[in-house]
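Here you get one chain, nothing else, as structure tokens; it is the form predicted alone.
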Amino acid sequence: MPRLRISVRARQNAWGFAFALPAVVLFGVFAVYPILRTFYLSVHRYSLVGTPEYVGAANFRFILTDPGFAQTLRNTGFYALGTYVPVLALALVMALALNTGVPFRNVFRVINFIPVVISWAIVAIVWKILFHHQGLINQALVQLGFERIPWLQSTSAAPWAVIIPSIWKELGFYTVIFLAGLQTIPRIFYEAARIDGAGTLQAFRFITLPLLRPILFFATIIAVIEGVKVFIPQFVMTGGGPSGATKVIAVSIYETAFAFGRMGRAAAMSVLLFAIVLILTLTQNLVYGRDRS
């Protein structure tokens, strides 16, 4: 019988598929399957025991008419805006400063990036101690002549007690992104602008911002996603309290699933969270595309 000849390219493709197969299987088991399972459970009543019971859109109707879920949406939006609007603005300012010949700029870059590599759980625990009624922050306020603030017990102060460490931790990440974008802009553009008599603000408006727009778009997308799916700082620092003042969507999903055992309803919340992130991302993409055109 004639031997079956396999080309070199076919053998290479076969070996490539063989090496990629374990990663594909793991991705399917731990990523694709849970996503599909979440969509499946979102239309069922399920409590980790027994068989899922099909209920159609009942879970979604309950969630969308629940005042508690509406509050979590407001809390999530407040956190996202209160954290990432200042973060993006401050990161751009710091990137502009670090992109100049400021002394010890490499040291400042390292110091600015240190909070990024620290675990969110550790950051939350440390800041929870700092915001304690007898913590260092209240001690400093007393020394300055102010009264102590019940940071973690007040419904008005607790959201800010979560936002402040979030700004501190996230600032370095976006600074690095903006700095990388600034360093791709050719210096010849700024030199030509100076020759034409353009000032610093004019160069920033007509050169920096237009050329940095793709980086701004990327950073904004990441910020929106991170702001909407936040979980650790609220869970560790306040547990969603006091009186639900810091309960965001992810914390509500966790409580619904593991504290109350309503897995189907928690899955429906997860689907709604996915829809919110998708809509916000597509909206930003449309706005960016329209501005670019």
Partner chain sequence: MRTALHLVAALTLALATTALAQTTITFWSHTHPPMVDLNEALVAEFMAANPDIRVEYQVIPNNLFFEQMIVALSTGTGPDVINMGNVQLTSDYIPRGLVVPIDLEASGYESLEQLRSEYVPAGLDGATVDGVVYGRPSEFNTDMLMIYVPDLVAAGYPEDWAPATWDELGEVAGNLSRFDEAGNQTHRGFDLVYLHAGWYANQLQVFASQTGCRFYNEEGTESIINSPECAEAIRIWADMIYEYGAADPRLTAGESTVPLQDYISGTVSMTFVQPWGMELVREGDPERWANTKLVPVPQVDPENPINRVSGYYWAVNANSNVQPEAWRFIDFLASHPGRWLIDVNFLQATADMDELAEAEDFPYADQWLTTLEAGQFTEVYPHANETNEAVRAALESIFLANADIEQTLETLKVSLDRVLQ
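Keep in mind the model is a prediction, meaning the values are calculated, not measured. Positions refer to the first chain, counted from 1.
Keep in mind that the form predicted in complex with the partner chain is missing from the display, and what follows is about it.
A.B. asks: Given a 4.5 Å cut-off on heavy atoms, tell me which of 194 to 202, 109 to 117, 144 to 152, 213 to 221 is the interface stretch with the partner chain in the model of the complex.
C.D. replies: Selected stretch: 144 to 152.
A.B. asks: Please check if Lys229 has a heavy atom lying within 4.5 Å of any heavy atom of the partner chain in the model of the complex.
C.D. replies: No.
A.B. asks: Using a 4.5 angstroms cut-off on non-hydrogen atoms, would Thr184 count as touching the partner chain in the model of the complex?
C.D. replies: Close contact is absent here: in the model of the complex, Thr184 is far from the partner chain, nothing within 4.5 Å, heavy atoms only.
A.B. asks: Does Pro52 reach the partner chain in the model of the complex if we count a contact as any heavy atom within 4.5 Å?
C.D. replies: Flag for Pro52 set to no.
A.B. asks: May I ask you to state whether His132 is within 4.5 Å of the partner chain in the model of the complex, using heavy atom distances?
C.D. replies: Result yes; His132 sits at the interface with the partner chain in the model of the complex.
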